[in-house]
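A lone chain, given as structure tokens: the form predicted on its own.
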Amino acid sequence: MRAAVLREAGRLAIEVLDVPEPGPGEIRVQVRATGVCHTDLTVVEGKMPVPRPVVLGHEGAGVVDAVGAGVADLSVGDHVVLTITPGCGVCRQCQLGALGLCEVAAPHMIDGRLSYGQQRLTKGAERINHFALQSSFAEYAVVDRRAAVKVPDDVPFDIACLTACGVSTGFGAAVVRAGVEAGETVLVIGAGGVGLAAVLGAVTAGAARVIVADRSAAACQLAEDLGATDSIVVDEDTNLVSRVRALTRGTGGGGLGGGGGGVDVAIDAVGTGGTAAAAFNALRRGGRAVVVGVADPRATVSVPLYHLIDQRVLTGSTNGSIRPQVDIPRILDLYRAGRLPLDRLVTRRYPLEDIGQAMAELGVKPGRAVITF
């Protein structure tokens, strides 16, 4: 099978690997589409430590091609999305509903293995590492059964794949983790794929005002087309917190917290120390900020102590804190009902051979890129 293999930082190449075989409790999926996420680029650039050689890709969707022993609820021919937060279902975190923090699967996200520590990718005698429990920059992917979410056959694969990570992360950050309520004011920092999904989530939840900040005017325009009410094109001289407070002064952030300005919810879809601090400092008293971006996994953030005394909340989220088997079908049902225009997020499609170009255009062109097979 063809796969995009990273052997050294900065060099992603198409190679021919062995078609993997599913073990007990696993399935093999013929990948039909996979999103191109900034996290993959972070690995390519060497900013996230993963064992190499590795097949990247973590937003896969496709058709079940084979099932391992013990898999009784999926069949060959089923359409599935490959989630990055499968969960074991029985550890303390899973029992609390935090599948993204699963004590069994989560430790293997970047250690080159699947959910239970197994490896299935080879090139002859050479072992190839997995990424994010799936490795979907390939024609086939073997995953634990819990990592596959069955989806309706009428959802295009290039739309369904977005819910594996990016859409789930942004939508879930707004709707699940932050719990945006009708009438609230929301700030979204970063209008890439995750940020745009957060905009859609906030709009769907009934936010009265959605402010988007990004360096790209085109990305801000796309966010407004998707329902954002205000946008701020930022540069190195922009004081984002001041701009947001000026926009919300007199409202108290949706009318819920006095007249000093600030938003009820802020979502950082970029993930640097500066953007996380800006999200937190732009809150009204009692507001909540959710960090979901990972542009710099090594960054730290400092916040004023008195803002904590004001009961402002700074937290994060893995994959939007979703329950994949519940929330991915929920998101796709909204799409099928015409209430969530996920198709407008996809602005570029490439064959696997053009993965390098797709990576190079991340953050340069608005919207989402998808690899199709």
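None of the values given here were measured: they were computed from a predicted structure. Residues carry their position along the shown sequence, with the first being 1.
One more form of this protein, predicted in complex with a small molecule, exists but is not displayed; see below.
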- Message: Check Pro86 for me: does it contact the small molecule in the model of the complex (non-hydrogen atoms, 4.5 angstroms)?
- Response: no
- Message: How about His38 - does it come within 4.5 Å of the small molecule in the model of the complex, if we only consider non-hydrogen atoms?
- Response: yes
- Partner proximity in the model of the complex: Thr275 to the small molecule, non-hydrogen atom cutoff 4.5 Å: yes
- Query: Is Gly25 one of the residues lying within 4.5 Å of the small molecule in the model of the complex, judged by heavy atom distances?
  - Reply: no
- Given 163-171, 73-81, 117-125, 147-155, the stretch touching the small molecule in the model of the complex at heavy atoms within 4.5 Å is 163-171
- Query: Among the candidate residues Ala219, Ala207, Val142, Ala289, which is the single one with a non-hydrogen atom no more than 4.5 Å from the small molecule in the model of the complex?
  - Reply: Ala219
- Item | Heavy atom within 4.5 Å of the small molecule in the model of the complex - residue from Val294, Val176, Ile110, Ile159 | Val294
- Query: Taking Gly190, Val194 and Asn319 together, does each of them reach the small molecule in the model of the complex with some heavy atom inside 4.5 Å?
  - Reply: yes
